[in-house]
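Before any questions on binding or motion, here is one chain by itself as structure tokens, the form predicted alone.
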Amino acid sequence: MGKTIAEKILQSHLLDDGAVVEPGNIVRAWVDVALLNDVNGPIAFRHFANMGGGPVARPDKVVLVCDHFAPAPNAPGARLIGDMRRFAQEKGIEHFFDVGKGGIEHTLAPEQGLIVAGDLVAGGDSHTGTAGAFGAFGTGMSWAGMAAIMMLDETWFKVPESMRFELRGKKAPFVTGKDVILRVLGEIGVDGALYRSMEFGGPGVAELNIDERMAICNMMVEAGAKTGMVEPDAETEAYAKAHAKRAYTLVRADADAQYASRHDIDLAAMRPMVAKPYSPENVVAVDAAKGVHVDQVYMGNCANGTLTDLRQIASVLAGRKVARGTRAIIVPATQQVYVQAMKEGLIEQFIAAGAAVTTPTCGACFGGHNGALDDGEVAVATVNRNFKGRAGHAGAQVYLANSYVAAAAAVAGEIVDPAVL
């Protein structure tokens, strides 16, 4: 019987000879990367100390990124980042990215060649599945589980069932990877892939570049998925060749792989999508949300602060201004993305349009800083969650959308189809 991508990657990382990689089975495995940030890292460090402390088994596998409270907005945030610095120094963690040295972890790690195709990646953040865009198996884990990985260089997994999403057709105008995952969430709901792997393949995958694939994989966890990935192709290999700092493997599903369900998506028939408050599954076509006044537009996050996103924003803002009464905040995902955007003149264009451009940070995505919302405010954001209270005051409302739609809302001061702006 053939295997899915998730099953094949787990198979290649087994620690027990003879272990059977089938859905529902428990297997022991080693990981290639243990990824922690300044929210979950300090908690994992305390678990590590409570387990006995000592040296980290494989410090070369640990990647520490200061991104949520970076730059520190207050004393508690400064303490969390300080904990990251101290642990990195004490344990000899080479892959430590401080304020101004990197960016947002899920974009940064593959950009730096630290996550490559075929990897098994464990992270303290729920959006570690973003690694699936690069052909890796990425999953969020408990903070105690992350501590155990640092101590033992191993962990366990229940092998997930897989769901197959077949993409076909040419992308319609203003449709992006963000719309693909929003449509899926609208169809299967926030528990539609509970503890499963969501596997995207088919000829339509070629329509999506790596950045757009990140948007898909980033939000698979919003459907309850354990992991998910876009089947590797020439685009994946080109990215790996340009960035990988170690050997990589392009893992594809077998033709006779078994799936819990199969789904077909015609990209040509799609429209830009919007997730209304207060759930990523509350999805409608942009036309059904048009006219909603917007106080703030937040463009950026780990999967939608990419260079592709910034170029999409620029294409809408060109020669236009942010509407009076509406604020626009743009956040490049990494320092490298920021630098390239400056070289292309995008940052200057954003500022000329009346938008604020900030340093790479998760800040407002989780309501921490750099754009948290007040009571009663309405925002369009390219982030991944719009639960009540997620982005600031519990009385605020957040609509999720792609970068074209977000930029159009910034110009119009309300949700609008970017095609008719």
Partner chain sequence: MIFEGNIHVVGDHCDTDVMIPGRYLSLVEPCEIAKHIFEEVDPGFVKRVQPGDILVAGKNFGSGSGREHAPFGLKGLGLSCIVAASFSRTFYRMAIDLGLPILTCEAAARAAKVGQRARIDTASGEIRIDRQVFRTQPMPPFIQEIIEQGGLTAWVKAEVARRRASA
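Residue numbers count along the first chain shown, from 1. Here the structure is a predicted model, which is why all the values come from computation and not from measurement.
Keep in mind that the form predicted together with the partner chain is missing from the display, and what follows is about it.
S.K.: Name the residue from 265, 194, 250, 285 that puts a heavy atom within 4.5 Å of the partner chain in the predicted bound form.
M.R.: Selected residue: 194.
S.K.: Can you pick out, from 246, 158, 241, 324, the residue that has a heavy atom within 4.5 Å of the partner chain in the predicted bound form?
M.R.: By the 4.5 Å criterion, the partner-contacting residue is 158.
S.K.: Can all three of 152, 224 and 387 be found with a heavy atom no more than 4.5 Å from the partner chain in the predicted bound form?
M.R.: The answer is yes; 152, 224 and 387 each reach the partner chain.
S.K.: Which of these stretches, 357-365, 392-400, 376-384, 50-58, has heavy atoms within 4.5 Å of the partner chain in the predicted bound form?
M.R.: Correct option: 50-58.
S.K.: How about residue 338 - does it come within 4.5 Å of the partner chain in the predicted bound form, if we only consider non-hydrogen atoms?
M.R.: Because no heavy atom of residue 338 falls inside 4.5 Å of the partner chain in the predicted bound form, the answer is no.
S.K.: Just to confirm, residue 140 within 4.5 Å of the partner chain in the predicted bound form by heavy atoms?
M.R.: Judged by the heavy-atom cut-off of 4.5 Å, residue 140 is in contact with the partner chain in the predicted bound form.
S.K.: So in the predicted bound form, does any heavy atom of residue 372 sit within 4.5 Å of the partner chain?
M.R.: Flag for residue 372 set to no.
S.K.: Any of the heavy atoms of residue 190 lying within 4.5 Å of the partner chain in the predicted bound form?
M.R.: Within the cut-off, so yes.
S.K.: Could you list the residues in 3-30 that come within 4.5 Å of the partner chain in the predicted bound form, counting only heavy atoms and keeping sequence order?
M.R.: Heavy-atom contacts within 4.5 Å come from 26, 28.
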